[in-house]
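One chain follows as structure tokens, the form predicted alone.
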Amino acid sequence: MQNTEELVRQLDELERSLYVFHHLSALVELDANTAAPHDTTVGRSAVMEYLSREQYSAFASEKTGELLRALSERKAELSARDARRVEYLKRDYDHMKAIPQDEYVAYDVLVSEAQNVWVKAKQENDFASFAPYLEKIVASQLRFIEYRDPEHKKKPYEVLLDDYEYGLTEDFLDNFFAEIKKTIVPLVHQITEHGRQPRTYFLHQEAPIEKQRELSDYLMDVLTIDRNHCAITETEHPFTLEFNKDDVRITTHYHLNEVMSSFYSVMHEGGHALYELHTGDDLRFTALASGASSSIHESISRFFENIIGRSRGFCDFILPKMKELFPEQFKDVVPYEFYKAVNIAQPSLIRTEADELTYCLHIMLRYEIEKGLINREIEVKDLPQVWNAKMKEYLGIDVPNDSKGVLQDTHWSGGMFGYFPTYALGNAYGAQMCERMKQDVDVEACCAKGDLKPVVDWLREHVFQYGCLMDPIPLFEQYCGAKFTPSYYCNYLKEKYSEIYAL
């Protein structure tokens, strides 16, 4: 019988091999979404098929199962870190092992192809070309749900929610969305009745792309991101990829007449990057070397994008830089005018550019559609009509085309069903986290000076360093010192927008 030390050594070897697959897959994904020519999916699909098959063989093998079972039985002999590694890997092992290898591999190839088809479909406003891929993705997800939960202990959609926020339920989300809807909808109505919107023309003038790139570099410096370990490039839909804590990549998308689009994209993805760059050194190359959950991750990115990036103090701080880079566009703009402009509350088509107040209505729309697809109440072919109807109902907007409607997000092309709710939950987590942070850090003063180091240091101490050592809710309750409640987020929105619009 092998001793515990030898079993832990085998666990280290397993995680090293899994890291190699993660790194290689991330390289393929980064290249596909940034540098690769358009019609190059055939060769890339062959690579993804090979990597996926080898990863499955390495991880979902009987040998791995025996190792994890043996270590689970010796939990009392393990350090807290190693016991958590086993627990975390066992969940992933059970999920992967439940799916037949051929189907698992075929699915990885499918989403790799689908993401490229989606890019072209979005550019050409051609939902019909993407629909067959999405139908296959949804059908695969439905089969995987049956494999993973054959006794139907959870609602189907909750099986997918587990991938992004372990233990999250439909009931929790239904109650959460109902609660914040009671705050958001009346505020939107009050602002509409108010009738007077701030001037925003200066945000929509031509801003040279090269100057926007300079702004991105500057923002990364302000965020305290170490450029020796984090690069930025361009893509259709901004995202962050973590290879390891010493190698993180973020992307953005520049629009000639929408300078704040890339501005807040960099603030958002920069938040994700900070989390990955500051996970604990002792977690390196393990399954724990990442954020605790999608919601916790989004709480950080949305915190930097909105609570920091759209704060009065940060707007006052950044305006001189905007005037320096874009002197003609911002020459007559005064600080409070800039603050109100970037905080305008006005229903819009695009989620990633939605204002802070109406943003969660976009997430509610996607949440309801995802549940409908997984519960077989909505068919893929009907998505444009369902999408457009819900946009009209929730935001009062007519959708001019599918590129600005059902095709606008990349998530479904990658099979990321269950991810969208984490954006909304992350907003609420971030608001409560900020209130706790303010007990130790003068957040507004940091924003006004453009000195975010104390903020990042607090997050590293209370959140980042723990990686996945804890499940999301216990971690949240530890650093906030209280149970989660959406009231912090609701109060934050009410106070902020009541002041801006003199309600």
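Don't overthink the numbering: it's just position in the shown sequence, from 1. Given the structure is predicted, the values throughout are model-derived calculations rather than measurements.
This next part talks about the form predicted together with a further copy of the same chain, which is not shown.
A heavy atom within 4.5 Å of a further copy of the same chain in the predicted bound form is found for exactly one of I378, I397, L319, A231: A231. Comment: a further copy of the same chain is not present in this chain, but in the predicted bound form one of L475, V441, A70, V47 has a heavy atom within 4.5 Å of it, namely V47. Checking 450 to 458, 60 to 68, 463 to 471, 27 to 35 against a further copy of the same chain in the predicted bound form, the stretch whose residues place heavy atoms within 4.5 Å of it is 27 to 35. Although the partner is absent here, D247 lies within 4.5 Å of a further copy of the same chain in the predicted bound form, judged by heavy atoms.
Though the partner is left out of this view, R9 does not reach within 4.5 Å of a further copy of the same chain in the predicted bound form, counting heavy atoms only. Remark: H23 counts among the residues lining a further copy of the same chain in the predicted bound form, judged by a heavy atom distance of 4.5 Å or less. Using a 4.5 angstroms threshold between heavy atoms, F285 counts as touching a further copy of the same chain in the predicted bound form.
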